[in-house]
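One chain is shown next in structure tokens, namely the form predicted alone.
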Amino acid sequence: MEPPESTAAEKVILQWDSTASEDARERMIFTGDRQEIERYLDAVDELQKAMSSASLSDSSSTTTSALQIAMARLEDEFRNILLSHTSPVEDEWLTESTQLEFASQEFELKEEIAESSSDKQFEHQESNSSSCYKTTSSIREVDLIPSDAVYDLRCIAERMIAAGYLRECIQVYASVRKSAVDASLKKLNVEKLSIGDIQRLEWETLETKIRRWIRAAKICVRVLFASERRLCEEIFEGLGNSADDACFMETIKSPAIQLFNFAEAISISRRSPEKLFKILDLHDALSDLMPDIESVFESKSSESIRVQAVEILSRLAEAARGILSEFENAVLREPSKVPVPGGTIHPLTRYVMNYISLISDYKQTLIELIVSKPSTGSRYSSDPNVPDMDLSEFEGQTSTLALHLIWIIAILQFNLDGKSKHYKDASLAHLFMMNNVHYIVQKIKGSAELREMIGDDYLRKLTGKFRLAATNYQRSTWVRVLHCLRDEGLHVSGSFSSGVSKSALRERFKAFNAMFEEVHRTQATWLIPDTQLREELRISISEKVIPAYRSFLGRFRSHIESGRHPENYIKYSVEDLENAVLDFFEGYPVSQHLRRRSDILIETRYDMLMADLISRGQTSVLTVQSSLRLFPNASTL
């Protein structure tokens, strides 16, 4: 005969049978009186005790039926408790990913500063939050469900698992919690995109998504997934068959794959130079998260998530190495052959130097990733399209990354040298090389990180190259002009004073005037954007031309002035030439005749305007061009 206690337990269970009672369908046990909750749980325990003490054949059908009814009821109660206390992670935990979106790339520096500030604010919020349970490294676990509700869920889970309903318990838990995780991911802007969908997006769109993903990944791993793991442990730990691990993976696996698929898609996407820095951002973020990923997904059942993260990190590193190699090749092979007007800085030079300046900002990461030396030297010694450069003199003194940067600068110069040959005027070709190598030197000097990696030895070599180009320019332009001011060929037999051939002297003045006017007309349209370099070259020209002209004029002026129409031969005073030199390398045309004193006021105003623009850092060709519209005789390039 069945024990009385079991009969009483069955009555309690049947009282809450929702299939038999309207009142039981409308009410939930665990929202009511605590005494009623304990009475129902005790009844379930009594049924389970009766079932375990009797053989299967001895168990009454009523006891078995009552226990099944109890499990169905507990499953409903379990689901209701979860639904009642499940919501996306609070907004305060998502501030890192939502408050730093800017509309334009030009605010990137401000964004980095703001993001750093946000990180500090985020950490402050986490460390001072009353809902923070524990801190392990950078992991911040929060209470997703109130502790009293967690206690009830564990009470139910213990009894369902003891009765053999582990699978049903996990399915209910995972279905509810996964919806909450999905909602949190949506708030973090983690979209449900396939790898193919991601790879079809434009890179400009992906750049924004990468920034969002980095912030979202931090929250997901350190807060969301870590808190879900802790909740599973609180409810299921110790209940057998690694129930907590199974429940965690059932809840998290799909959202985690959704999260990491984005980084995986980027890691295997088509490589191009503009992607390097965002890939490095992804690599750094994921590398920083790896200890937390290993901690959160430490169990055997979650090994696949750890492995996926490690593989993505490896592919991102390989992508960075591949992009750097492809960038080197792109610089070497850049095909443009149209000379830039005025011999100014080539867009390739600006692009490459800005690019390697950014590379230096990622020095720490790239030093670890770039372990192979650039392919130079004997391998290419027979290829005329590749510079034959031996980097062995720099090995041992610098990192492998620095060798790559030196190599990039070397192939940039090699390409620029080829482009200089498209100028028909040799002087302009030398000026072009001077401008570009000088720009390279200034960019290196302007970055402490870049200068440290490049080293002073190579920097001195570069400085020597642009100074050599300046010397070659002066020789190419001014030797033939100064040749007109020599004494040879002007004297005839007799004394020095009376033996000057006036016809030869007139031709010499005419030749000088014509050559100087041509140089002045042409080279006023040439451009040296750097103010100091422009002034230095003008001074160097003046130091060569002005004393020679003054001396020549002093020796032979009287011979011309004593004849007819001296103004046709001595057209310019020393002061006129000094003023004329100030026109050189401004990048705009001047009158076909040299300026007289009446022009000086206008040009002085222009110089003042340019000085103001330069002082404000507005030294681009476009800025110069727009400023020229203020002057009636000036035109744009």
Partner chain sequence: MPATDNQGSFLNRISIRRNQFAPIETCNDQEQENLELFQRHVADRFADLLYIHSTTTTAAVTNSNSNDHSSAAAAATTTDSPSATHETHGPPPPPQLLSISWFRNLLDTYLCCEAEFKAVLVSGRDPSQFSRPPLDRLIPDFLERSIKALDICNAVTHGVDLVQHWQKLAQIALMALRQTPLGEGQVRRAGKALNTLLTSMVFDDKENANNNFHGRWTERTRSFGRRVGGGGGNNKDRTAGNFRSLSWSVAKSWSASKQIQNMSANLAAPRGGESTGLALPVYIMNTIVVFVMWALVAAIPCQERNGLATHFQVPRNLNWAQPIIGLQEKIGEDWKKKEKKGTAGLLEELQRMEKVAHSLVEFADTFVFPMEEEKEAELAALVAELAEICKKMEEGLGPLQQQVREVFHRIVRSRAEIIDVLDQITKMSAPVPY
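Positions refer to the first chain, counted from 1. None of the values given here were measured: they were computed from a predicted structure.
What comes next is about the form predicted together with its partner chain, which is not displayed.
Contact with its partner chain in the predicted bound form, defined as a heavy atom within 4.5 Å, is made by none of His283, Arg321 and Val519.
A residue is said to contact a partner when one of its heavy atoms sits within 4.5 Å of a partner heavy atom; Asp33 fails this definition for its partner chain in the predicted bound form, lying far away. Lys11 falls outside the set of residues with a heavy atom inside 4.5 Å of its partner chain in the predicted bound form. Contact check for Thr62: every heavy atom lies farther than 4.5 Å from its partner chain in the predicted bound form. Although the partner is absent here, Ala174 sits close enough that one of its heavy atoms falls within 4.5 Å of its partner chain in the predicted bound form. Exactly one of the stretches 63-71, 37-45, 568-576, 582-590 approaches its partner chain in the predicted bound form with heavy atoms within 4.5 Å, and it is 63-71. Between the options Thr471, Ser336, Ser501, Ser392, the residue in contact with its partner chain in the predicted bound form by a heavy atom within 4.5 angstroms is Ser336.
Between its partner chain and the residues Val331, Leu188, Ile406, Val223, the one pair within 4.5 Å by heavy atoms in the predicted bound form involves Val331. Contacts between stretch 258-279 and its partner chain, counted in the predicted bound form as any heavy atom lying within 4.5 Å, involve Gln258, Asn261, Glu264, Ile268, Arg270, Arg271, Glu274, listed in sequence order.
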